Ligand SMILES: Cc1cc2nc3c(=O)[nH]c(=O)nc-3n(C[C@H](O)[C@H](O)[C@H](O)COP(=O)(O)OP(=O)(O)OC[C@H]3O[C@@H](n4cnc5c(N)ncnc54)[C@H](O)[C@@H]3O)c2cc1C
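In structure tokens, the next block holds one chain alone, the form predicted on its own.
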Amino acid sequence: MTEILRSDVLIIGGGPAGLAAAKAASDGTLRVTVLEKSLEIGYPIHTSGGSWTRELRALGVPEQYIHPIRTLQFISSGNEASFDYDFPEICVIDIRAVYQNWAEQASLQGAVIHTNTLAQELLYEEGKLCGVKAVRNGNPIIYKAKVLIDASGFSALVARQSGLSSPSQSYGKGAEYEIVTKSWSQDKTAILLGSAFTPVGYGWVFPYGKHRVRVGVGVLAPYSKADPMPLLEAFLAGSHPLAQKLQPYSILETHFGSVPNSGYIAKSYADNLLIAGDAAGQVLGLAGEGIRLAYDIGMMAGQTAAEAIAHGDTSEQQLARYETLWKKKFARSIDLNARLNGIVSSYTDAQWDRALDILKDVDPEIVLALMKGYFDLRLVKLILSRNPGLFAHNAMKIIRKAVTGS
């Protein structure tokens, strides 16, 4: 007979969104269960780990897992632009350690995490979602709950089976090596743009301490059908000066990942269901970043689920508050990121070279704000006060109009 486990909140996925939701929902009274399909939290790695120091500190990430970066370099086929920062605004995180730290926090709050557990099929009772059929350590098991939170990432397992999502038409796919090299400065990161690296997308060089460097290539589909791994291999084996700077090196790990870039899904809630993180398309697509958003929005999902259960009402009317919360903070930026990504996807090498010429004259604080992808009134005011000429360019016009209406 198949085992049945019951929870108040069942979370599919043990990434940032799922772990944040678990922590937020675990108030000491609710039974919260997280299902993670991998053998361990935080591995295999699907992200480069590039992020922002202040934001991660605000999320409580321990300092020892944050590697500081003080120089940001953009390299195109025929140009370069470099920015130095006294305070290391940019950072690269130890992904496995950070995710496991979040898992520990959620567990100490009362959540229970099951690894090597693959959710396969949704369960319904009287037409209402009530759980999933899963396989744990090779054995079938049924998990039932009052509220499910889909934080299953790019696969969006629950969202797709429930009809709230379909496979992303635009997405980034990346390949990355984690290497050991003595030849790369540990306080400098590089963003690689143009056909010397990838036909559509970008490459990166992200150091994160102890001579370790993550070097990767991302491709934006459907604008290109190229496989990022051969592109990465060709770059590292080629004569580009940057590739030569990485020599000699040894490969310690190989990472693959995909991130949606079609914008957020039309509806992120239903009866007994919330959808968070990559599963909901809650990604800043220009930089392909989702960790900060996923954690923040995951907290909103967990809090909303807990409040709904406390009120004895897990209907979509009650859970709709979750969408109101995350959209107020992030919807415009997510939408603008997706639109801008569509623009730069057609850039030629000459356009990237020209873009870096423009970027060289931009205030370093504006460069950071643009990289973070939070397109709001603060960014518009910053540009108006320091580099108003930026608004002469098409992409900046789009941002200004979306934020100010003019």
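Residues carry their position along the shown sequence, with the first being 1. In this text, all values refer to a predicted model and were calculated from it rather than measured experimentally.
Omitted here: the form predicted together with this ligand. The next part is about that form.
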Problem set entry | Contact residue in the predicted complex, from 75, 232, 196, 259 (heavy atom within 4.5 Å of this ligand) | 259
Exercise. Which one of 89, 323, 94, 289 is close to this ligand in the predicted complex, taking close to mean a heavy atom within 4.5 Å?
Worked result: 289
Problem set entry | Contact flag, residue 285 vs this ligand in the predicted complex, heavy atom cut 4.5 Å | no
Exercise. So in the predicted complex, does residue 37 come within 4.5 Å of this ligand, heavy atom to heavy atom?
Worked result: yes
For this session: Classify residue 145 as contacting or not contacting this ligand in the predicted complex by the rule of any non-hydrogen atom within 4.5 angstroms, answering yes or no.
Result: no
Exercise. In the predicted complex, does residue 153 have a heavy atom within 4.5 Å of this ligand?
Worked result: yes
Problem set entry | this ligand in the predicted complex: contacting segment from 62-70, 336-344, 42-50, 23-31, heavy atom within 4.5 Å | 42-50
Problem set entry | in the predicted complex: members of 156-180 within 4.5 Å of this ligand, any heavy atom | 157, 174
